[in-house]
Ligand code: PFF
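Encoded as structure tokens, the following chain is the form predicted on its own, with no partner shown.
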């Protein structure tokens, strides 16, 4: 393993960083809505099924690829089998595709936690806004303001990643992730005390077995798989890169279970924070940015004088979830450049490399920030707004296709004995060998095909699974 790039100081730091990468905006608005609108508890069952079939497996595969080589995706595949080098490039490109809109969403979160914080002291601005939809529309339509907040978000990411693996990423996430957990609990407790909040619990957890009639369950399975896949940050290089910084003394198998389960727990907690509040105030639990920045802001407005306090806590939570995910992808991109310089025998300086990655990401975000979610008058590539276009390339194609190939690569090219040797490199046990053999060779490839087709179907509305 290359020590020069850095290493996590502890397994706890590694877990917090990996969970931070996995826990992002998709957990906070995507999971609650998709669970509630796709059969509630039935969706959760299928989500957990896809987690077992695909999530644990691809997570372990990415950890193993990273740790066995000590490298980020491109050079990792170059070392293991150069015929699969394309998978490394796909992961890095997918990472840039995600960052091309994720920094703009981070800017939205910063605007809202700043506005709610100001409202605590001034009782003005967003606190007195009666039309949260108009407030959101005005903000995203103000390209200069969005670009400013996006630039600040980029700089914060740059500062953290420039600090290195232990001094920047690990130090930040070991504070940020427990703080996120505590803030979630605070919001959940407050929300569950609201009159009518029980409707949100029923929306999420009441079993609706209608989805299992006919072929409808296939669509729900595809939705659950897509949500699980994106939520775990698979296929974008971050998990491979973090795995490259993990000590040989730590258990890959244990971590491949802990990270997805922790991510799922946070997603469920996010549901408990979001859906009961919507139902308490008779608001439509619509998905996407509308749920996060329109519906929920109305919830906080309706809480009276306590609203700005809980609004600040919640949107600061959203900001933490966003930045712990974005720093992982930025680190993966920077690490790929560092690896390339090391392979060529060149020296490197982390800070200018991170600055270069941030500069590229900033430029990629300019059309996203100026597009106003499709209302900004910019050209619409393939008929999508810029956010959805970037998302199509990354989440819709590159990530699931790359992970499909990675699963086949581990199961059929490197084979389970290679995985076993890596997991047992310093005396750790390779538990559940039969399970990993079955999932890498059968269920993970099948599951990834479902996810890939489901993503394409979802973006283009082809109706394959309806």
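Every value quoted in this text rests on a predicted model; they were computed, and no experiment measured them. Positions refer to the first chain, counted from 1.
One more form of this protein exists, namely the form predicted together with this ligand; it is left out here, but the text below deals with it.
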Check your understanding: If you check in the model of the complex, do 217, 223 and 451 all have a non-hydrogen atom within 4.5 Å of this ligand?
Key -> no
Practice item. Heavy atoms, 4.5 Å, this ligand in the model of the complex: which of 106-114, 223-231, 332-340, 139-147 makes the cut? Say which one. Key: 223-231
Point to revise | Heavy atom within 4.5 Å of this ligand in the model of the complex - residue from 173, 365, 326, 241 | key: 326
Practice item. Sort through 296, 99, 259, 72 and report the residue having a heavy atom within 4.5 Å of this ligand in the model of the complex. Key: 99
Exercise for review: Give a yes/no on whether residue 407 approaches this ligand to within 4.5 Å in the model of the complex, heavy atoms considered.
Suggested key: no
Practice item. Evaluate residue 21 for contact with this ligand in the model of the complex, applying a 4.5 angstroms cut-off between non-hydrogen atoms, and reply yes or no. Key: yes
Practice item. Mark residue 39 yes when one of its heavy atoms lies within 4.5 Å of a heavy atom of this ligand in the model of the complex, and no otherwise. Key: no
**Study point:** Proximity of residue 68 to this ligand in the model of the complex, heavy atoms at 4.5 Å
**Key:** no
